[in-house]
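This document starts with one chain, in the form predicted alone, laid out as structure tokens.
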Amino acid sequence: MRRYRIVLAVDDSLVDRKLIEKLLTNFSCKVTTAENGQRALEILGLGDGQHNSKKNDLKVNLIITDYCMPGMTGYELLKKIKESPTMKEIPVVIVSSENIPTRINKCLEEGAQEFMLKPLKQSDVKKLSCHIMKVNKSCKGRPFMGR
């Protein structure tokens, strides 16, 4: 029986969520989607009033989040994930349609594994394979920033 890796895709754009889902499904991943940062935190068991006291059934191997979303940016979501003792080891990839070096550096300094430009392509997903296959920081090389 084939074991799927679970990826949480967070984006306010339905089209972008569907694109990420299709690309990752082609890579044998099961994709759970959230339309905003707050919903992503709820899925992860980190929402308001949730303290991850009960074990979350969803074992997420990778989080891909848009940077620019209403309510909570991808950067703010990244910070909350990295502050959580139970979630901080999950690799987080930030995606954006804007190539702004200060934004990229800020996300990488806060703990993002990668910063990629939209729209994602199949070749981008291949570059994420080491993060998808294992939850640790052993991926070799420098962070991938754009194309």
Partner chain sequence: MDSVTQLQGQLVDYTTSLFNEGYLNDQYTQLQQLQDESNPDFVVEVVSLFFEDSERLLNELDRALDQQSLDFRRVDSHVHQLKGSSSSIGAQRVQNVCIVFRNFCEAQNVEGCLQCLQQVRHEYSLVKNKLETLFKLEQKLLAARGSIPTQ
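Residue numbers count along the first chain shown, from 1. In this text, all values refer to a predicted model and were calculated from it rather than measured experimentally.
Note that the form predicted in complex with its partner chain isn't included here; everything after this is about it.
Although the partner is absent here, residue 108 lies well away from its partner chain in the predicted bound form, with no heavy atom inside 4.5 Å. Contact between residue 128 and its partner chain in the predicted bound form is not found at the 4.5 Å heavy atom cutoff. A residue is said to contact a partner when one of its heavy atoms sits within 4.5 Å of a partner heavy atom; residue 121 meets this definition for its partner chain in the predicted bound form. At the 4.5 Å threshold, heavy atoms of residue 68 reach its partner chain in the predicted bound form.
The stretch that touches its partner chain in the predicted bound form, counting heavy atoms within 4.5 Å, is 95-103, out of 82-90, 95-103, 108-116, 28-36.
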